[in-house]
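Here you get one chain, nothing else, as structure tokens; it is the form predicted on its own.
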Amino acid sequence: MSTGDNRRDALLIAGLGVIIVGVWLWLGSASTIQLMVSAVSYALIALGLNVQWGYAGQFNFGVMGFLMLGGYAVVLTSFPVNEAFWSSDGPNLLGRAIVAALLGLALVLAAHRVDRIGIRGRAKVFVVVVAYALAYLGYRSQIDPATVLIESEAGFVGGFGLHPILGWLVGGILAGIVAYLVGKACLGLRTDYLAIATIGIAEIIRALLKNMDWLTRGTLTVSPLPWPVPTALETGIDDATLSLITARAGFLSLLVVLIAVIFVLLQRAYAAPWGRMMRAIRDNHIAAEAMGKDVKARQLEIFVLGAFLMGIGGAMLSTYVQLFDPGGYQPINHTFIVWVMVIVGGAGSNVGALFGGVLIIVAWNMSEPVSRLLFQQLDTLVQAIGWAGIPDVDARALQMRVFLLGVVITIALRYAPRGLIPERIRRHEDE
């Protein structure tokens, strides 16, 4: 890495700092801290996608699904215990449904191995189809009465009332488990097919969480989710504004410490032999496999690691807003915008992913008030010269978010196709 590259990166980061200071002068401390909490959370999610795309070249367009799993993990782990559920017959019926699901899974796995006892060809296909049908019917026979009882008597399952940070960890683990299952089935696909498959899986996750009212309350939402730090009402500060700033600053400080630890670990891994192996697989997996590397296992490993970070980021976002709303997740907000962060920041660069995450979130959130101000000034000007005013200023200002993202990614691809802070591999001659 040359001195010029270091100077350029420092200038870009300093410029972003100036923008943040400008936002602070305009919006004030409370709103700026709130914006930075969102920016830091999305920066962690961008790091997860950078691990998958930048390290291994994996097209994961199912980011939204992993964010939703992280958000629900906070509900399951840290939301207060629902006494109405535990005092009803719901746990007993739900336990039966889980046993039925496990038995069905065992039956399906056994059906896939009937060739060991001489059942092959069409006969094996028939046995597998029958096993799937029996497993499904057995599970539905137990889960249907359980869900009806839970929704009628308790509303939904509720949570376990544990610390929210544990919920963040569970969110990462849950996303990692799903990523493992998805990766085992989809990582053998070609790049474009992997993108299509992950989009479909994200939509399946959204449909399940949105319609499983007994588990997630669906469109009724779950709120308020507890914070890992004192909220504005719990700080004990009499001044409302100061207590709000203190609470948000405490939350932001926790996120900064966490993402700093993750960033350092990723940087060390990226510079280690493991990182060189991942780059070799990304650049030429055939040559890497010829050198004796277990390409499929390493690709699955990186896919799970990226999803783990996304799950933690999704849990952070839900915790901060104290709300889990399955209907509020949209691909443009929770998948496309994360891809823009990595592309603009620089795929393969952890610093670039963090920089892109903060920059895009600041631009995304500030585009609406800035556009509204500009439209209002323009409306005043055109009316002063006798022209018709600009209709629906608020709606047009909101739409400028998407327009701005399009402009940013177009300019970035034209003038910085590798990103503003691209991946720079240190060669031996640089040492």
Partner chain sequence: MNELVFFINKVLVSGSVLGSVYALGAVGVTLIFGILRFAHFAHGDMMTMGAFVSFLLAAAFAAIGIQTPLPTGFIVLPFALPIAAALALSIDRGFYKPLRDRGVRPVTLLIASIGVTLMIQGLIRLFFGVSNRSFFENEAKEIFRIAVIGAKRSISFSEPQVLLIITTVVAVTALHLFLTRSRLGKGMRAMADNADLARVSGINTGEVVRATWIIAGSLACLAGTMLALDVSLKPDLAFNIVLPIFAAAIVGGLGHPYGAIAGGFLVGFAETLAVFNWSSVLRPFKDVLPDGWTLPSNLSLVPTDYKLTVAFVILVIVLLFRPTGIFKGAST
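Definition used throughout: the rigid core is the maximal C-alpha set that superposes within 1.5 Å between two forms. Residue numbers count along the first chain shown, from 1. None of the values given here were measured: they were computed from a predicted structure.
Omitted from view is the form predicted together with the partner chain, to which the following refers.
### Query
Are all three of D192, V407 and P417 close to the partner chain in the predicted bound form, meaning a heavy atom of each within 4.5 Å?
Yes: D192, V407 and P417 each sit within 4.5 Å of the partner chain in the predicted bound form.
### Message
How about L378 - does it come within 4.5 Å of the partner chain in the predicted bound form, if we only consider non-hydrogen atoms?
### Response
Residue-level check for L378: no, no contact with the partner chain.
### Message
Taking the partner chain as it sits in the predicted bound form, is I332 near enough to touch it, meaning that at least one heavy atom pair lies within 4.5 angstroms?
### Response
Heavy-atom contact with the partner chain at 4.5 Å: present for I332.
### Query
Would A249 count as touching the partner chain in the predicted bound form under a 4.5 Å heavy atom rule?
Taking the distances in the predicted bound form, the answer for A249 is no, it never comes within 4.5 Å of the partner chain.
### Query
Though only this chain appears here, would Y136 touch the partner chain in the predicted bound form if you measure heavy atom gaps against 4.5 Å?
It does: once the partner chain is placed as it appears in the predicted bound form, Y136 has a heavy atom within 4.5 Å of it.
#### Entry: The single option of I196, V264, L162, V130 touching the partner chain in the predicted bound form, heavy atom within 4.5 Å
None of the other options qualify; the answer is I196.
### Task
Quick one: from L93, L174, L305, I201, grab the residue that has a heavy atom within 4.5 Å of the partner chain in the predicted bound form.
Result of the distance check: I201.
### Candidate stretches 223-231, 154-162, 99-107, 208-216 - the one whose heavy atoms come within 4.5 Å of the partner chain in the predicted bound form
Result of the contact check: 208-216.
### Message
Using the rigid core as the reference frame, would you say L413 shifts its C-alpha by 2 Å or more between this form and the one not shown?
### Response
Yes, L413 moves 2 Å or more.
#### Entry: Threshold 2 Å Cα movement between this form and the one not shown for L398, core superposed
No; that C-alpha moves by less than 2 Å between this form and the one not shown.
### Task
Determine, after fitting the two forms on their core, whether L378 shows a C-alpha shift of 2 Å or more between this form and the one not shown.
Yes, shifts by 2 Å or more.
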